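Just one chain is shown here, as structure tokens, and it is the form predicted alone.
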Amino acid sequence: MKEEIIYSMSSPFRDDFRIRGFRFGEGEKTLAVVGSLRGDEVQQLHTCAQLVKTLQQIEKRKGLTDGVEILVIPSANPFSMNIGKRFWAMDGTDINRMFPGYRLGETTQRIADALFKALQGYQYGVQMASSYVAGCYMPHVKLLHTGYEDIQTAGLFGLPYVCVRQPLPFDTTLLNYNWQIWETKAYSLYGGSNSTLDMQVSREVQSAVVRFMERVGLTVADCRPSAGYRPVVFDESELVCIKAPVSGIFFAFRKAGDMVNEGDLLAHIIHPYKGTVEAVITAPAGGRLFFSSDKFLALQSAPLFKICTA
């Protein structure tokens, strides 16, 4: 393993900003893994750290295939993580909305530029991502539909779901999108909630990366993990979204991962002053809860649940 500084930037008030990378093996640029791009992605950071630990063990017992190079970057936003803010502390911009970056631009554009230069040229790219809609998600692989997406290879992670999303105009600045445009097979791995650490989900996602490595020939057979799942593939637009009809205190009876039938009770929304039940939330269709809100306050029209019926 080789530890290096991918990018550094001086700071007038505190220690320098640094992005650290860990390289394994030598040879062709084969796999790059990126952890937290946002300051609240604690689980993503932890999952990458455990992957670094696992890759050290694999490398030590000569389990990596000859002629491959793997790069792991656990965090690209340590400043925001240190103060517990999701976006860049100074101006609230999102590094993951700045790709491919601009070296003469604003701070987050310069960070994205340096990071993307380090990530270009890899055959496969994996991002430990979090959604802009806060809540708890089933572990899954997400791909943006760019015309370059490889859905079949996404199934090699062995996670329960592969979700394909039609990109909106502002999605063209995401890491996943730009990786694909620059000819890297890119996959975003999701699971659990923001700002929390679900050890079971973290282990599942880390195992998925190791499983993927074995299946595409980056490790030898003695590194083989569990078989995983035969994933359900669906378009994100097929999810049944249940939104809050009114605002109030959100009291959920079910959570992400639960199987539900049409008509099942999912939640109550309680009046914040009177304590009365203002809305009874039931399942409009049967399936598995792919997403559940983890907020205690529901805003009118905000997503509460998403059901995968596939």
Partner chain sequence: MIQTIVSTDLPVDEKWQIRKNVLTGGTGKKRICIVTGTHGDELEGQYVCYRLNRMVAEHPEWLDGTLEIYPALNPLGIDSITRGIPGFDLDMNRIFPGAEEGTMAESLVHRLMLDLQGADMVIDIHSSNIFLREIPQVRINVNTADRLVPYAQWLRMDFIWVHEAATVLESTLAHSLNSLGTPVLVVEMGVGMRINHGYCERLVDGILHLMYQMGMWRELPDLSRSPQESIVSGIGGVEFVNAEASGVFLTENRNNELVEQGEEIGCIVSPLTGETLQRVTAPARGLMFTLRAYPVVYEGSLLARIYKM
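Bear in mind that the values here come from a model prediction, so they are computed numbers and not experimental data. Residue numbers count along the first chain shown, from 1.
What comes next is about the form predicted together with the partner chain, which does not appear here.
The partner chain contact at Met199 in the predicted complex, heavy atom, 4.5 Å: Because no heavy atom of Met199 falls inside 4.5 Å of the partner chain in the predicted complex, the answer is no.
Proximity of Ser247 to the partner chain in the predicted complex, heavy atoms at 4.5 Å: Yes, contact at 4.5 Å.
Close approach of Leu289 to the partner chain in the predicted complex, 4.5 Å, heavy atom: Judged by the heavy-atom cut-off of 4.5 Å, Leu289 is well away from the partner chain in the predicted complex.
Ala227, heavy atom within 4.5 angstroms of the partner chain in the predicted complex: Judged by the heavy-atom cut-off of 4.5 Å, Ala227 is well away from the partner chain in the predicted complex.
Candidate spot Gly21, Val42 and Val240, all three touching the partner chain in the predicted complex (heavy atom, 4.5 Å): No.
Proximity to the partner chain in the predicted complex, single hit among Trp88, Tyr190, Tyr124, Tyr161 (heavy atom within 4.5 Å): Comparing distances to the partner chain in the predicted complex, the residue within 4.5 Å is Trp88.
Listed residue that, although the partner chain is not shown, lies within 4.5 Å of it in the predicted complex (heavy atoms), from Lys142, Arg211, Arg97, Lys185: Here the answer is residue option Arg97.
Answer range among 211 to 219, 229 to 237, 107 to 115, 151 to 159 for contact with the partner chain, defined in the predicted complex as heavy atoms within 4.5 Å: Heavy atoms within 4.5 Å of the partner chain in the predicted complex occur in 107 to 115.
Residues in 1 to 36 with any heavy atom within 4.5 Å of the partner chain in the predicted complex: Going through 1 to 36 in order - heavy atoms within 4.5 Å of the partner chain in the predicted complex - the hits are Tyr7, Met9, Ser10, Ser11, Pro12, Phe13, Arg14.
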